[in-house]
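Before any questions on how it binds or moves, here is one chain, the form predicted on its own, in structure tokens.
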Amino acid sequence: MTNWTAATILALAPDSSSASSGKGLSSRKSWLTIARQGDILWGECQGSGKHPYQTRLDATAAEPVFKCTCPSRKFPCKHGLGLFLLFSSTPDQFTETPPPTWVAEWLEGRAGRAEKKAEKAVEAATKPPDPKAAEKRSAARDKKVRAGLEELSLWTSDLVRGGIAGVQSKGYAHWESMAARLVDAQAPTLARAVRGIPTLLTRTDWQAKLLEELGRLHLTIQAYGKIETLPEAVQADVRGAIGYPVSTEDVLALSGTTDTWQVIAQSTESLDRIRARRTWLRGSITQASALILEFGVPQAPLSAGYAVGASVAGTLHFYPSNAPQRAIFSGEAIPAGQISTTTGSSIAANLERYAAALGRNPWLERTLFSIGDTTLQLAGLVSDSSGLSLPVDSRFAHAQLWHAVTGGHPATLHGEWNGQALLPLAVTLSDEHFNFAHLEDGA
């Protein structure tokens, strides 16, 4: 069983009310009976009805499975959460015993469904691919995307034609209706961009930011309209800007880059109920930068990930792009000790590399900067030994810790550059590597 804690169990709750009610049922007195067989748990809880609610839980997998006879439509219900919390705090109170009939029948039904699902998966895997069906699905999506982009083109044109002076007065529905249309058109990344416009309008420089975003949307529309004429790598970037998925199998089928990869920095952010973790790597031999992007939800938390300041040996396969950055490992990455040295280059050199990458992929959202001999200024700037400076992202809240770690001495800074500001993630001083971003995750 995964080492579940009260915090990780409560993260499974569908809402705060269920979490609170679950905690209220996490004592032994709330249950008429409780028992277990391995990682299969069950219990009977007396509710308002004549018969007690029968709650069962399978915690053998990374994502627990719940079942309860209560009328709640929430999943998991408060009884499932309460039973799981009780077990996590006092497992010795659960007697090891064969399951009763109502638990055994549930397990048999799940096993039967799992067997049928496995049979279908094997059948699908062994069934030769149907190129005509795949071509038909691709054509259907292309038709939806083009229709959505045509609407987006009219929408952005009307916005500009009417002047942007009154844009801030437009209600949420104005942006959400277009975003919803793009979701229907299977263009989720463009939908996310449209939903982000109201946030841009709260900035002091909102006019410039709005025009920049509208220009990027226009570029995407024009590029997709001529996608057949573009190089294959550029086509991949255009599809990525729209939201086309790329399967892991397709990425692993591409040639890989084998190296000892230094784990430079890591950051985690929450997007609604989804957590996104970005891990930045650099090849010791190739000096190539790579981004490992992972997502987690309450029912499937993020894995332990890679330790910042360490090195791992393995082969990375980069996602198709005209400026490759995101990558995945083929197989397990083997720990290779701590980073021996992590150097950076000047701000000018980093900006030059960024400009070249942006020229190859105009939709590049962020990239890794490693700047040597960096100092943090009180004015919210980072400067290098040449005197050049970059603005620090307003989300960075560890200036005092920076000065405490470095003692005011120049250090090598690693951070994410989005074209406007730098978000410091880690700093290297001599052979000591310190990661700021873990503090955002409550560590």
Partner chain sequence: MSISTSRISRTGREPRVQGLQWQTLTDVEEIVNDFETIIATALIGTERQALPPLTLEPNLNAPSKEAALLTAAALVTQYRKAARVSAVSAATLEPSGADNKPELPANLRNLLERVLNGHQELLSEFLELTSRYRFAHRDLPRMLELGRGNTSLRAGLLNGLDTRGRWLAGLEKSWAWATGSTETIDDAVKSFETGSKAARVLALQAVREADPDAARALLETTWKQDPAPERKEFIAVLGTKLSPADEPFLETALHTDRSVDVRDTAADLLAQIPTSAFNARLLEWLRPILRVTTPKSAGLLGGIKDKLGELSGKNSSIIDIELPEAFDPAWAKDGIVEKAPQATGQKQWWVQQMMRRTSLEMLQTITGLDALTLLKNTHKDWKDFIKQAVQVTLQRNPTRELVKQLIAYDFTLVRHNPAALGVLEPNTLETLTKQRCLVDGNSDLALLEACRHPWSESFWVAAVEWVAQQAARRRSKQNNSSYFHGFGAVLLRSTPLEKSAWLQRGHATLPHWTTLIQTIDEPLPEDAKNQWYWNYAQQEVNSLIKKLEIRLELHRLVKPPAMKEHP
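What we label the rigid core is the largest C-alpha set whose atoms superpose within 1.5 Å from one form to the other. Numbering follows the first chain given and starts at 1. This one's a predicted model, so the numbers in the text were calculated from it and none came from an experiment.
If you look for the form predicted in complex with the partner chain, you will not find it shown, but the lines that follow are about it.
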- Query: According to a 4.5 angstroms non-hydrogen atom cut-off, is Tyr306 in contact with the partner chain in the model of the complex?
  - Reply: no
- Task: State yes or no: in the model of the complex, is some non-hydrogen atom of Gly408 no more than 4.5 angstroms from a non-hydrogen atom of the partner chain?
- Result: yes
- Taking heavy atoms and a 4.5 Å cut-off, does Glu119 contact the partner chain in the model of the complex? no
- Message: Can you work out whether Thr199 and the partner chain are in contact in the model of the complex, taking contact to mean some heavy atom pair no more than 4.5 Å apart?
- Response: no
- Every residue in Leu12, Tyr53 and Gly331 with a non-hydrogen atom within 4.5 Å of the partner chain in the model of the complex? no
- With the partner omitted here, the residue among Tyr354, Tyr244, Phe94, Phe318 that in the model of the complex has a heavy atom within 4.5 Å of the partner chain is Tyr354
- State the residue from Ile347, Ala187, Ala327, Ile264 whose non-hydrogen atoms include one within 4.5 Å of the partner chain in the model of the complex. Ile347
- Task: Would you mind picking out the stretch of 253-261, 189-197, 361-369, 174-182 that comes within 4.5 angstroms of the partner chain in the model of the complex, counting non-hydrogen atoms?
- Result: 361-369
- Using the arrangement in the model of the complex, list in sequence order the residues of 152-176 with any heavy atom within 4.5 angstroms of the partner chain. Thr156, Ser157, Val160, Arg161, Gly162, Gly163, Ile164, Ala165
- Query: Honestly, after the rigid core fit, is His403 moving at least 2 Å at Cα between the shown form and the other one?
  - Reply: no
- Comparing between the shown form and the other one on the rigid core, is the C-alpha shift at Gln46 2 Å or larger? yes
- Item | Rigid core fit then Ile9 CA moved by 2 Å or more between the shown form and the other one | yes
- Query: Given a CA distance change of at least 3 Å, are Ala11 and Leu423 closer or farther in the model of the complex?
  - Reply: closer
